[in-house]
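Taking the form predicted on its own, here's one chain by itself in structure tokens.
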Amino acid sequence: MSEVAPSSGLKAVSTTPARLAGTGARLLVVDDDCMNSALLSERLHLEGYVVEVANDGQTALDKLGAETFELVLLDIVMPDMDGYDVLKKIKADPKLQDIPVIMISGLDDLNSVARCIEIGADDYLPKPYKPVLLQARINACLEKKQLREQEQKMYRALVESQKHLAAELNEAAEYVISLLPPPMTGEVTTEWCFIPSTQLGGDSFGYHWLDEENLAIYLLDVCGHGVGAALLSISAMNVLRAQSLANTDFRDPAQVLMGLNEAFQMDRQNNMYFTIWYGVFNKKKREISYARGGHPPAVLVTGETKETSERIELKSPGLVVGTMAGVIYRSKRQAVGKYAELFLFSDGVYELTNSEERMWDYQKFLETLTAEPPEGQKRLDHIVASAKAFRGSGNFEDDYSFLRIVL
């Protein structure tokens, strides 16, 4: 008995091995010698265990199949079916293999010990055994069994929790995708590709008519991935769709970015921020006004005809949204010819590495962007296929968001 000093405020704690594993455990003693099994059984009863006896291997297996035991004490030398064979059958049975087995024998032979351990025995005791050593070995095996059962229980709970989490994430991912705009047809047509790198990404985009003449177009990219990034992305997108920034003319991209920057300061968003490109196309003037906050420039391919069109990167200075209050953004304007394609994308579209750790060159990406796709393949499908071919797989390191608008 060990005690803690009274000044500690703790009660005396017993460290007697016989009580560490808990009384009441059901043990099975397997021994063809009835006297040995009776003596062992009686001693274990006195220690508080519930004990059953089997005097041969087959009876032991039958009992194990019909009842529940926490531990088996198994004699090696028995007629008909010896302890080795019984141990093999126990460890080969999925329903029994987790029951700890202590081998008991008068054979003082290291080879026998090694053979038992190889088959799956948890411990070994020679005859005649010392009661203290016997009790210590039983407690050790029962404690290991309890720990193993706790680990299995925790593992099952973790697996179940992961299943629920995966189901909820799938539901959330479906919701995020449902918020993305349907393809637009008519005088303006759109198509897009959205491949999150995880179940929930931080990219989102949209387009909607502000009035009869002005079409708002935007794509934003929240830092990081997961639920937090997705929630911030959805929040910002809903603000843009609902035009819910106070004192903001949504036809003026600079005003929109300044309003977003004040509304989504990172110290109020769990230190998350986002980049954005926001533009407004005026179909009457054939002109795009735009501003960006740390986002890759949109690419406009335009001209009087497709054959005479040129590629223009729509750049403008501007800090990432949410990192600093009071930032001033500036809008820029670009004339749009009779033929025009506008491309918006996140940096995950071109910041790709392959198996050789080589980066996809940005200029080559731009060339792919404007190259004529193979016959029968849509331009967007060709761009995505080129990215996958460079990567060597369909998995991307970052969210892959791509928007093409024919104006």
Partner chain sequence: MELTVDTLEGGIKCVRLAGRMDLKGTQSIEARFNAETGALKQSVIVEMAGVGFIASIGIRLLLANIKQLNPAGAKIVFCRPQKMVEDVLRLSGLDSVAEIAADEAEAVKLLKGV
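Residue numbers count along the first chain shown, from 1. The term rigid core refers to the most C-alpha atoms you can superpose between the two forms while keeping them within 1.5 Å. In this text, all values refer to a predicted model and were calculated from it rather than measured experimentally.
Below: the form predicted together with the partner chain, not depicted.
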Any non-hydrogen atom of T353 within 4.5 angstroms of the partner chain in the model of the complex
yes
Indicate whether the partner chain has at least one heavy atom within 4.5 Å of a heavy atom of H295 in the model of the complex.
yes
Do C223 and the partner chain come within 4.5 Å of each other in the model of the complex, heavy atoms counted?
yes
Would L147 count as touching the partner chain in the model of the complex under a 4.5 Å heavy atom rule?
no
Using a 4.5 Å heavy atom cut-off, which stretch among 353 to 361, 373 to 381, 56 to 64, 24 to 32 contacts the partner chain in the model of the complex?
353 to 361
Within 4.5 Å of the partner chain in the model of the complex, heavy atoms considered, which of N238, T305, S161, N271?
N271
Proximity to the partner chain in the model of the complex, single hit among N214, T190, Q135, T323 (heavy atom within 4.5 Å):
T323
If you apply a 4.5 angstroms heavy atom cut-off, which residues in 234 to 268 are near the partner chain in the model of the complex?
Q265, M266, D267
Could you tell me whether the Cα atom of G120 shifts by at least 2 Å between the shown form and the other one after core superposition?
no
Taking the rigid core as the reference frame, tell me whether G224 has a CA displacement of 2 angstroms or more between the shown form and the other one.
yes
